[in-house]
Ligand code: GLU
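Take a look at this single chain in structure tokens; it is the form predicted on its own.
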Amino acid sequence: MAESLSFFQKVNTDFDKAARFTDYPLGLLEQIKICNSSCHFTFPIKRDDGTIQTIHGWRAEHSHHNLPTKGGIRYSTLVNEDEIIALAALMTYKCAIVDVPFGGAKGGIQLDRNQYSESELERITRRYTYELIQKNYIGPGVDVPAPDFGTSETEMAWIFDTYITMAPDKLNAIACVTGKPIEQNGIHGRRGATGRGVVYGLEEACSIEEDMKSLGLTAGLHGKSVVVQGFGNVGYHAAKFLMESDARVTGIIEIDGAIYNPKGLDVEKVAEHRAETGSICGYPDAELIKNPNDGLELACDILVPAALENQLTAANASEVKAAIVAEAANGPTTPTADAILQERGIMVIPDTYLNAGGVTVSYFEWLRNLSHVQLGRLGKRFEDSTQHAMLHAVEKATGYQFSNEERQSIHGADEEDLVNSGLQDTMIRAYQELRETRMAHRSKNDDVDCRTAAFINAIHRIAQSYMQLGIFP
């Protein structure tokens, strides 16, 4: 029955499961759960060959308890109203879990970007932006898009350029979209933020010895085997940073097949192979698995679904061999699959927490754009001078002479250092809050898993926002 639910219904199923552990009025819970507004619009586009095609686009703003609303724009043939509303809802809860003061939103265009030239994609993106402007679904204090599946900083630059030509407030127009190129007032560290956030979240979860012992694992990421599904922006960066954290990335799954090496894959070399051949298949130092779905059943400590929704279902959840499922994608696990994984004692770290790195760093970019000051610019030189003065004092007191390499490693924090530090702190605090909620309910003999605990925390934070507005008692 649960497998036949729509995506938005599945999100609401998780919400309802958590809501029963709160005592908020039903009317308040319904207001939190419902989508505030959504818009479906169509527009014609002239193809390079002169033909005219009708394009379908959507934008949904799930919650206005905090403004602006925030959420990515995806280009996919799977885009429809239900998916966009569901993803907007997940954004609302995601922002609340990591305490980022945005409401949730999402947008999308129904297309296969591989079937369009760059000039066609630019015309589509600019026209989509025009529709958002006309319908008041974009603006630095209204609704702030970002990249998502099938889009990148290139599309964000087109959106920014289109918006700024029509913006009444030119001063803050640069904050109308995040995930922009650095040259267009983007922020260092945004491109890999979601993948890096996945690793920071995993590091924190795996650092708790008691929890790892119950899974038959040792604490820490060192030596843990990881299979990553999806080798796009999120999957690639998650795999890259996991390898740098001394985990073994033993499997990578893509739409056309999977590769596996129990000794570990060199993520950068796999990326180079794909850039040269167009596929991860055929990578020389790995076993090829022709059916990508079989890759989800590989033996590993951690499985990282970093592709699309509904990848772990009732059909394959019983075959998952990982001790931890780390949801880097949005909605990769159906409610039925989630129940199966929980019954089997597999730890599921939910997307509403683990996927929040992107929106966290987007928040930093938004703040940077509104302040018109690059992070670290005011303090870096002072910190450099202070730290080198300390080195000099140590040398004078001890007689030890620091090498040039040691001196170069000491420097004031630049923008990317601050971004990564802020992201790490956000992921650590959010996981600690999630675990505290889970442990508090466990002491009452409540069956609360990580996903339910995350939703409970989100409901509390959003409810408090509404109550402070005086709408609810």
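Values in this document were obtained by computation on a predicted structure and should not be read as measured data. Note that residue numbering begins at 1 and tracks the sequence as displayed.
Just so it is clear, the following notes concern the form predicted in complex with glutamic acid (GLU), a form of the same protein that is not shown.
Visitor: In the model of the complex, which of 139-147, 163-171, 310-318, 278-286 comes within 4.5 Å of glutamic acid (GLU) (heavy atoms)?
Guide: Heavy-atom contact with the partner occurs in 139-147.
Visitor: Decide yes or no: are 72, 330 and 358 jointly within 4.5 Å of glutamic acid (GLU) in the model of the complex, with each residue judged by its heavy atoms?
Guide: Spot residues vs glutamic acid (GLU): full contact, yes.
Visitor: Though glutamic acid (GLU) is not shown, can you say which of 352, 129, 178, 229 has a heavy atom within 4.5 Å of it in the model of the complex?
Guide: That would be 178.
Visitor: Tell me, which of 190, 273, 248, 240 has a heavy atom within 4.5 angstroms of glutamic acid (GLU) in the model of the complex?
Guide: In short, 190.
Visitor: Would you check, heavy atoms only and a 4.5 Å threshold, whether residue 202 touches glutamic acid (GLU) in the model of the complex?
Guide: Judged by the heavy-atom cut-off of 4.5 Å, residue 202 is well away from glutamic acid (GLU) in the model of the complex.
Visitor: Contact with glutamic acid (GLU) in the model of the complex for residue 91, defined as at least one heavy atom pair within 4.5 Å: yes or no?
Guide: Residue 91: yes, in contact with glutamic acid (GLU) in the model of the complex.
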